[in-house]
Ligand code: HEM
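Take a look at this one chain, the form predicted alone, written out in structure tokens.
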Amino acid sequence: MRVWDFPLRLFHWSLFISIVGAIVSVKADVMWLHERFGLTILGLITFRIFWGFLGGHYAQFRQFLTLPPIAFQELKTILKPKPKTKAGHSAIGGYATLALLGIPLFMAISGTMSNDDVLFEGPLAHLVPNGTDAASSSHRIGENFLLFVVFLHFSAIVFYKYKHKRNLTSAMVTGNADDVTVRSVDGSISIKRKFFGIFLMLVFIATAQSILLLRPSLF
């Protein structure tokens, strides 16, 4: 059955590429590219927030955000040999999704106001001259949290693949989940809605990239 709509899958893999690109480029000290990846992340996550209300059934926040006690109760069941499998995010997965959106969003926003203590400044650093050092410090600390949640995400994928024989990566590529044991709603969307989602994503990415225009000219 269809679970993940195409705009959501496109967002997921675009965010993955952008986060990897941001990490690699900053380690290689290619700051202009790091900045581009960071702004792309900002645009993508802004899109995801809107798509959490406008997207397919399983993309919507109301479908997977639950009270903490439900998530803790679910945590006790995932170690069972054959837990019931439902479509979409689990309660725990819902909180993981918030972390995977919130931390990169924080990194992208703080990055626009950061500096590298040498020559490079984010495009909005001039707007907070007394706060750019704090933004830079927060940005560096946030990197550790980002790497941690990415590690947890990959660990969960491996756990489900070998413990419960569920290929979460394949489902995010095809959009389909064939191992659902609980009766679930189909997550398909119309062609018009699909193209609207793609268009909306491109608009948010382009808008985020245009933040560079706010950087003061050197001449």
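A residue's number is simply how far along the shown sequence it sits, counting from 1. Note that the coordinates shown come from a computational prediction; the quantities given were computed from them, not determined experimentally.
Although it is not shown, the form predicted in complex with protoporphyrin IX containing FE is what the next lines describe.
Contact residue in the predicted bound form, chosen from K192, R62, K165, K27 - any heavy atom within 4.5 Å of protoporphyrin IX containing FE = Looking at the other structure, the residue within range turns out to be K27.
Answer for E74 alone: is it within 4.5 Å of protoporphyrin IX containing FE in the predicted bound form, judged on heavy atom distances?
-> Contact with protoporphyrin IX containing FE, no.
Does protoporphyrin IX containing FE come within 4.5 Å of any heavy atom of F50 in the predicted bound form?
-> Although protoporphyrin IX containing FE is absent here, F50 would stay clear of it in the predicted bound form, with no heavy atoms inside 4.5 Å.
Examine F199 and determine whether its closest non-hydrogen atom to protoporphyrin IX containing FE in the predicted bound form is within 4.5 angstroms.
-> Outside the cut-off, so no.
So in the predicted bound form, does L44 come within 4.5 Å of protoporphyrin IX containing FE, heavy atom to heavy atom?
-> Residue-level check for L44: no, no contact with protoporphyrin IX containing FE.
So which residues in 138-154, when you check protoporphyrin IX containing FE in the predicted bound form, have a heavy atom no farther than 4.5 Å from it?
-> Read in sequence order, the residues that approach protoporphyrin IX containing FE (within 4.5 Å, in the predicted bound form) are H139, R140, E143, L146, V150, H153, F154.
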